[in-house]
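Read the single chain below, which is given as structure tokens and is the form predicted on its own.
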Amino acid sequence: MKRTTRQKLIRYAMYGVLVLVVAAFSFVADWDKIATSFFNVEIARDMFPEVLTTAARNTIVYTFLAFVLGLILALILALMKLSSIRLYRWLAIAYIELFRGLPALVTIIFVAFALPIAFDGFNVPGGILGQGSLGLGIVAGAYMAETIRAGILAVPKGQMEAARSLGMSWGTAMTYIILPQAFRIIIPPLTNELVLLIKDTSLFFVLGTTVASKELTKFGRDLMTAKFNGTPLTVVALVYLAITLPLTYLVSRLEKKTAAAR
């Protein structure tokens, strides 16, 4: 049997298995119960506009603040790790490895509950907004630092040498020559990090959110418990997708554009 013929048979067999699985599920599934439990129109209608004006808005605000804080930390850490001063490099490596190794939930709990215990009642300003955004920003900074460092290293060394030969200081050359090129390279992975942060805001439930500060997951879970129905989570999932899918599409386009420019 020819190789191409064998590959076609394997492909058709895989399609056949998929069709059989879908047909079996369609046959055994209780569609009325599924529709009632997960696609109840009345329950979904009652979630609006709060699911957008409160839950989705809070999710976006939390994400934006965590991303900005993480980006600032990441830039500092990346420059420290590239520094010629050994102590700076060690500190940056220790931070990055620590917070990449810890679950984000642990970091959020530490910021919200351990810091006030350790420092005699000190609380992060901003309540849930400040605590959650700081916790996520600390973790995001550790991940984005490696991304930024890779972007800086991807810029040809000749760029820095040329800038220094023109009389620019190291800081000026890094600010106006190297970093702009590096950020053009790393926009896709940074956008991926933004998508991850959107989903990680669901961890804020440990902070004891109020009605006005609920993010999407907490909002949907509370309604699911109150209504004893899975429809709220279905609506929340669709809102998450409405936020994240355009971003993932943007990442795909940026990656293709970056690849074509090389």
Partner chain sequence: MTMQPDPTAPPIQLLDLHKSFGELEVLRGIDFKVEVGEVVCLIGPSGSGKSTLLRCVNKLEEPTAGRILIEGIDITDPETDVDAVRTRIGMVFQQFNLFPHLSVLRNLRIAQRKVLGRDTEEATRIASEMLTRVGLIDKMDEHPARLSGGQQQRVAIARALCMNPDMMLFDEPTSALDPELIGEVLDVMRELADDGMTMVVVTHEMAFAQQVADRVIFMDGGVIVEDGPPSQVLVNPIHERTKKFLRAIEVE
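Numbering follows the first chain given and starts at 1. The structure displayed is predicted, hence computed values, not measured ones.
Here the subject shifts to the form predicted in complex with the partner chain, a form of this protein not shown in this document.
Contact between Tyr176 and the partner chain in the predicted bound form is found at the 4.5 Å heavy atom cutoff.
For the chain shown alone, Gly158 is a contact residue for the partner chain in the predicted bound form, at least one non-hydrogen atom being within 4.5 angstroms.
Though the partner is left out of this view, Pro103 does not reach within 4.5 Å of the partner chain in the predicted bound form, counting heavy atoms only.
Looking at Thr191, you'd find every heavy atom of it more than 4.5 angstroms from the partner chain in the predicted bound form. Comment: 164-172 is the region of 131-139, 95-103, 164-172, 69-77 lying near the partner chain in the predicted bound form, near meaning a non-hydrogen atom within 4.5 Å.
Within 4.5 angstroms of the partner chain in the predicted bound form, the stretch 175-193 places a non-hydrogen atom from each of Tyr176, Ile177, Pro180, Gln181, Arg184, taken in sequence order.
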